[in-house]
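In the block that follows, a single chain appears as structure tokens, in the form predicted on its own.
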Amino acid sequence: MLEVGPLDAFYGDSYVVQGVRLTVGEGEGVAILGRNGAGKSTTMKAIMAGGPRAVGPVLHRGTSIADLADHERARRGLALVPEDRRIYPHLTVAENIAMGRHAARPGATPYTVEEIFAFFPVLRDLAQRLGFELSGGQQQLLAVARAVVARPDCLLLDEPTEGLAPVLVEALARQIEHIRSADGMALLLTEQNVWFARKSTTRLYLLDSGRVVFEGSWDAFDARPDLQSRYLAL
């Protein structure tokens, strides 16, 4: 479904992502792991044309999207939940979710707001609360809800558990699994929380200094304890 690379990405003269290659299959869950500064978020933004200057192929369902703007990539079926969430602070929860419906690709019927509330019951009680009135965890749930309302075929989640309490991390894992099983949605996830990444995906890429240093299944990762100590330990 999604084929990326070799992809380079730059912020000014800074060469941040260097020849990254990755794929995401139909309905597959794939994680990108690495320390802060490894290039995870830059990779996600480069895939969505969301900031860095990107050079290299990005194919969605066999068609190049490298020359498309971010909103055009969204209308093809990609949805990014950025690390900083970017909800609309002066719109209500219900209005934030409804805004996401405009990103639905041609031929796809977006979820209704009420259907989204069925996936995220805690948001129903917050429906008329403004975005800036939400806690960090509530904002994260809202950002995910706003992304999935358009029924994307590939959801890109950038550090979704950062700053969340453990109970919210577990709840978010369950809700994402529920949505993906209902719609066959693929997932590309950047994370530092290895438990959450393992729960949500079947294989992973490990980044260090903007380069892929490992790719494979979780079993293959577990067989290499040096990887976690070398590339993930603080």
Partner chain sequence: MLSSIAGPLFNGLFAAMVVFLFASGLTLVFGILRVLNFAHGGLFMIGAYLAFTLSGVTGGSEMGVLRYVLLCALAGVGLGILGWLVERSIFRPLQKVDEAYSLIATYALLLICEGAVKAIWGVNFRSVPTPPLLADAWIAGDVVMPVYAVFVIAVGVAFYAALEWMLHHTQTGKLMKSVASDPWMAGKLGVNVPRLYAWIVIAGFFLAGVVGGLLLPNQTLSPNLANAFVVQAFGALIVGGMGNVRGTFLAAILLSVIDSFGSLYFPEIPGLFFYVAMAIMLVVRPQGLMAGGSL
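Positions refer to the first chain, counted from 1. All values reported here derive from a predicted model rather than from experimental measurement.
Although it is not shown, the form predicted together with its partner chain is what the next lines describe.
Heavy atoms within 4.5 Å of its partner chain in the predicted complex belong, among the stretches 69-77, 132-140, 153-161, 107-115, to residues of 69-77. Interface membership of R124, defined by any non-hydrogen atom within 4.5 Å of its partner chain in the predicted complex, is ruled out.
Contact check for A103: a non-hydrogen atom falls within 4.5 Å of its partner chain in the predicted complex. Among heavy atoms of A49, some come within 4.5 Å of its partner chain in the predicted complex. Highlighted residues L7, R21 and H60: none comes within 4.5 Å of its partner chain in the predicted complex, counting any heavy atom. Using a 4.5 Å cut-off on any heavy atom, the residues of 88-110 that reach its partner chain in the predicted complex are, in sequence order, Y88, H90, L91, E95, M99, G100, H102, A103.
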